[in-house]
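Next up is one chain by itself, shown in structure tokens, the form predicted alone.
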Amino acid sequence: MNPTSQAGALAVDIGVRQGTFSLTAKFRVSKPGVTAIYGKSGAGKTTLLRAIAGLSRAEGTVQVGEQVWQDKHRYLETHQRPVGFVFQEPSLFEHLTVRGNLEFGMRRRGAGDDTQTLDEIVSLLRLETLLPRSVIGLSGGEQQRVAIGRALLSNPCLLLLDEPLSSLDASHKLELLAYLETLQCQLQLPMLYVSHSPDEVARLADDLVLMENGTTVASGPASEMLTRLDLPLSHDDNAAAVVTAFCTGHEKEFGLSLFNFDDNTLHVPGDHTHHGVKPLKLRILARDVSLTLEHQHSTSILNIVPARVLDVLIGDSPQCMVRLDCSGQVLLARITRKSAVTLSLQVGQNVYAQIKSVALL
């Protein structure tokens, strides 16, 4: 079956020219979830979202599920595309209450289109106490929750989010990230999420599209893209791998939770047993991973797992990157070039990864 015929699938193959800037974007997503559009400022991320929404004229093909929004035979204008758009700024109607803004989103629905009810979206985004209030006095995080709710109540086939956290402080970013994760889990809706933050990408993204200078240079599952040594994300100061594991217990005496993947156990600060048996994402920074040829016992490092060297990237820098297979999941280790030479690291070599810190996403 062609993936673009499946519910939640997305296929984009478009070109845009705006003055001296040109965009060439081609990628495919086969299932609902969050696809991060990642790149530096000026890479063309916002232009891509605007073109998909029909806000900027583009040549080529955009298909969502079985709906063709544009190809060489047709072109749907913005109002004809069932898309929800959340901008960097909430852009709410200040003369309306929170309820009024949410109800405005419902006006874009087609006849008989009642997939998401007002009560359901209000509950999902915890907006109950805000409904009668003016949007003017809301915090930035609250305003963005209202903006997301308004977009969802139009019952879109695709939700576009253009750096929705960029204007928020750290605490409100964390708050809104939690709501976005809830949407990701509970709504079978494809989302394109523009960001230049590796932290947001690691936490939210199922798939990742990497953009440079107006071109999509690579796309694929986020866990793979984050650890590819031929892509810039693996060379960022905060380069990290994301491992999927299950919380299997809690050491109350030490305040540590136990996470298992395959036969490996990782210790993570805090009690996370309330998550139950569902798989959870763990973020492991490359700078927090060291390597040894033998399992160490007299050490303060609790997380030591066997691994196999997949790639070693040694250049002229004092540091080098090592890509590791750990029971089918990939880790990154940033070590000194001298250490790599001293250990005689080679592809296929068996080592032990010592993980200093693990963060639950």
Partner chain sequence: MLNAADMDALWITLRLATVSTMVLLALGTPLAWWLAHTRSPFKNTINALVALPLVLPPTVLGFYLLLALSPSGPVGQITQTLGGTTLAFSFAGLVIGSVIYSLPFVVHPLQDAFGRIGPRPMEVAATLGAGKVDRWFGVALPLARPGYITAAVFGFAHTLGEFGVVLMIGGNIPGETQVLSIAIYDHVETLQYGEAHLLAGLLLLLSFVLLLIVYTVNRRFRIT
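Residue numbers count along the first chain shown, from 1. Computed from a prediction, not measured in an experiment: that's the story for all the values here.
In what follows, reference is made to the form predicted together with the partner chain, a form of this protein that is not presented.
Candidate site formed by Phe93, Arg109 and Ala151: every one of these residues places a non-hydrogen atom within 4.5 angstroms of the partner chain in the predicted bound form.
Heavy atoms within 4.5 Å of the partner chain in the predicted bound form belong, among the stretches 266-274, 122-130, 196-204, 99-107, to residues of 99-107. The contact residue chosen from Glu181, Glu175, Glu89, Glu212 relative to the partner chain in the predicted bound form is Glu89, the criterion being a non-hydrogen atom within 4.5 angstroms. Of the candidates Asn260, Gln186, Ser139, Thr78, Thr78 is the one whose heavy atoms come within 4.5 Å of the partner chain in the predicted bound form; the others do not. The partner chain in the predicted bound form comes within 4.5 Å of a heavy atom belonging to Val83.
At the 4.5 Å threshold, heavy atoms of Arg323 stay clear of the partner chain in the predicted bound form, well away from it. Although the partner is absent here, Leu55 is a contact residue: one of its heavy atoms lies within 4.5 angstroms of the partner chain in the predicted bound form.
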